[in-house]
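In the form predicted on its own, a lone chain appears below as structure tokens.
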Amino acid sequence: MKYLVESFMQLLGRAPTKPEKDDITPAAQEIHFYKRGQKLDMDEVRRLHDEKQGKNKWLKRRWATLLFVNLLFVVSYYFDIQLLEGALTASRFLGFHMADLNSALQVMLAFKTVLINLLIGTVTVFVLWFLVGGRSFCSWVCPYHLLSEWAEKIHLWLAQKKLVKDIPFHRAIRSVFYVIFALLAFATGYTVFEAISPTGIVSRAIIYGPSLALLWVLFLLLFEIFVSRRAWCRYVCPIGITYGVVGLLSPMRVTYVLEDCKHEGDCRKVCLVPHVLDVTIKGRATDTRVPVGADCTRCGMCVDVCPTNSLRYEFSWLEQLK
């Protein structure tokens, strides 16, 4: 229960809390005690990095999956094969209705009614993203996420040259925007968020061709390059909260294994939502195996970079059968 509460509060923007001694299992306390006197051996960490095979394995798989899903919309549209029709906000896959959960919520608030087809599509998508891990949608399917990821690389390069400086905001702003967009839909009868969501704009542009709305996307990307890295995903987009809640109890997750971790912190440097990896800080893990919080997008960058495989994908239902 404590994990669920902590994970949910982090989704809403609260900083991770440092566990009390009573929150930590005896097995984890023993490992923490053993590690307390250990100093980080960077030569060993570099050697482990060099030895690790399959660098960027999950990044390549994720990019390939994201491109495949979005191109499937294009192929279906241009060749009229009715395989995956529509766009990310609302689609039909092999005849099954699918509706983005946040879009469906916005529509129902705007029209103040529950539409049956929309409800069916919502259930389908809810089950899908519950199984594969909530915010996996963000990093494995959302086309704006990929553009933002590339923009972040430019931002980091400019920051390294001391040409830009990242301006962070409080993550709780995203929760405020979530309420604002919901209230706007209810009060105006118009899905305001959908009109400005770069996810929908980019998805429709890929399938049906570019529109002037792409200028808004360009503005967002420039803002993220020169002002605040990943500003839209971190501080504005309500989709992340919606899918994060779906993923609270998802069996697909990134799990942290305490014993072999060197605590060098490379995982937090590459993470898109680094607060979820506070558990890797020495003394923070409450057990020998800890699931990473629901705000994790399951992008796999921490799994790729971890030199000791202390971060790994797991499907909890399968782990329980072992």
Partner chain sequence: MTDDKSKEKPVKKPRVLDRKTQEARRRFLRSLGLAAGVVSASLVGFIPVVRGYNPRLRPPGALAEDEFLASCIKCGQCIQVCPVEAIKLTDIMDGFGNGTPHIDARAQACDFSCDGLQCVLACPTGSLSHDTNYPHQVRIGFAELARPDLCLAMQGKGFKGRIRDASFKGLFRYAELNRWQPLPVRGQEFDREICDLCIVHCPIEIRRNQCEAGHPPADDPNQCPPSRAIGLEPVEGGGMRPVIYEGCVGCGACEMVCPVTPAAIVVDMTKNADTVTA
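Numbering follows the first chain given and starts at 1. This structure is a prediction, so every number in the text was calculated from the model and none was measured.
Beyond the structure shown, there is the form predicted together with the partner chain, which is absent from this document and is the topic of what follows.
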| query | finding |
| --- | --- |
| Of L221, V245, V192, L146, the one that lies within 4.5 Å of the partner chain in the model of the complex (heavy atoms) | V192 |
| Listed residue that, although the partner chain is not shown, lies within 4.5 Å of it in the model of the complex (heavy atoms), from F186, W157, F169, W150 | F169 |
| The partner chain in the model of the complex: contacting segment from 138-146, 124-132, 91-99, 246-254, heavy atom within 4.5 Å | 91-99 |
| All of L258, C271 and V276 within 4.5 Å of the partner chain in the model of the complex, heavy atom check | no |
| 4.5 Å heavy atom contact, I180 and the partner chain in the model of the complex | yes |
| Residue contact check: T199 to the partner chain in the model of the complex, 4.5 Å heavy atom | no |
| Partner contact for L163 in the model of the complex: the partner chain, 4.5 angstroms, heavy atom | no |
| 4.5 Å heavy atom contact, A110 to the partner chain in the model of the complex | yes |
| Within 195-211, the residues that have a heavy atom no more than 4.5 Å from the partner chain in the model of the complex | A195, I196, I201, R204, I207, Y208, S211 |
